[in-house]
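Take a look at this one chain, the form predicted alone, written out in structure tokens.
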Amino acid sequence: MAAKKLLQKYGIRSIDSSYVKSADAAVAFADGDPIVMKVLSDKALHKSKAGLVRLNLGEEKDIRKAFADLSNRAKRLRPYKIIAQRMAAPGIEMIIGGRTDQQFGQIVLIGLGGIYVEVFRDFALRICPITRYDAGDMLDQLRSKNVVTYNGKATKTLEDLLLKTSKLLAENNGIKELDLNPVIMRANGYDVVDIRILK
């Protein structure tokens, strides 16, 4: 959970989650609410494509079955961990992150996320650190601007996220890549669902 703690340090909220080592632990984490379970392994970067994600697990029997199935699938991916997360409320999937460029240094990125990253390639880049003007300009660059900002209702939230991410990257030069994907954006808030940090 080091990545989660790093985001918290910069005021970036990620969805409630916990590593679970047993079906009992997953059931206890759910505590009656619907959850998601995923296998995390360096050998499987595309979890959904590899069948390593189970969504909307509300019943105890479903949680236990999913844990057993994921554990079986993950045997070939050792070392691995299974993470349980609260189900995020519906919204628009976005990617926010950055990387270290040999020529320009730290670069921050925003765009459509989830499966849409490679399909639409609708994103904007800037060199860190950025200002609020830069953040607004990045949003203006997106073809999907009106959709992802909910016609302006989420503009400030997105600008704030970009500024916080830029600061995180600028102050942690050991990070080669940072991917928050997906970030589930809503008109009145967001949830960072997946965090990937490469050092």
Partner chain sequence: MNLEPMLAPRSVAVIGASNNPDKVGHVILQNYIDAGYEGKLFPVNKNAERIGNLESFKSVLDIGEDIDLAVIAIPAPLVPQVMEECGKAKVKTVIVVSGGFAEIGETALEEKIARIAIKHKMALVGPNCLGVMNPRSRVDTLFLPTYKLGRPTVGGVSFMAQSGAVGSTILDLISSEGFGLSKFISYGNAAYADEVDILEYLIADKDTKVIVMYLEGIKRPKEFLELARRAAKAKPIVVLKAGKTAEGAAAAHSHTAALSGNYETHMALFRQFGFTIADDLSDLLYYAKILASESAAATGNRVAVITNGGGAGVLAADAVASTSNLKLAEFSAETVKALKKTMPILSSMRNPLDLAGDANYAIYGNAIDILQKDKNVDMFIIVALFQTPGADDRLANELVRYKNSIGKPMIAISIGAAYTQSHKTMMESAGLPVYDSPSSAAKALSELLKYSEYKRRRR
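Residue numbers count along the first chain shown, from 1. Small disclaimer: the values here were computed from a predicted structure and weren't measured.
Below: the form predicted in complex with the partner chain, not depicted.
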Could you tell me which one of I127, L77, I83, A88 places a heavy atom within 4.5 Å of the partner chain in the predicted bound form? I127
Which of these stretches, 146-154, 127-135, 25-33, 61-69, has heavy atoms within 4.5 Å of the partner chain in the predicted bound form? 127-135
Hey, in the predicted bound form, does L109 get a heavy atom within 4.5 angstroms of the partner chain? yes
Would you classify V183 as touching the partner chain in the predicted bound form, given a 4.5 Å non-hydrogen atom cut-off? no
Report yes if any heavy atom of K5 sits within 4.5 Å of a heavy atom of the partner chain in the predicted bound form; otherwise report no. no
Taking the shortest heavy atom distance, is R99 within 4.5 Å of the partner chain in the predicted bound form? yes
Heavy atoms within 4.5 Å of the partner chain in the predicted bound form is the criterion; list the residues of 160-188 that meet it. E177, L178, D179, N181
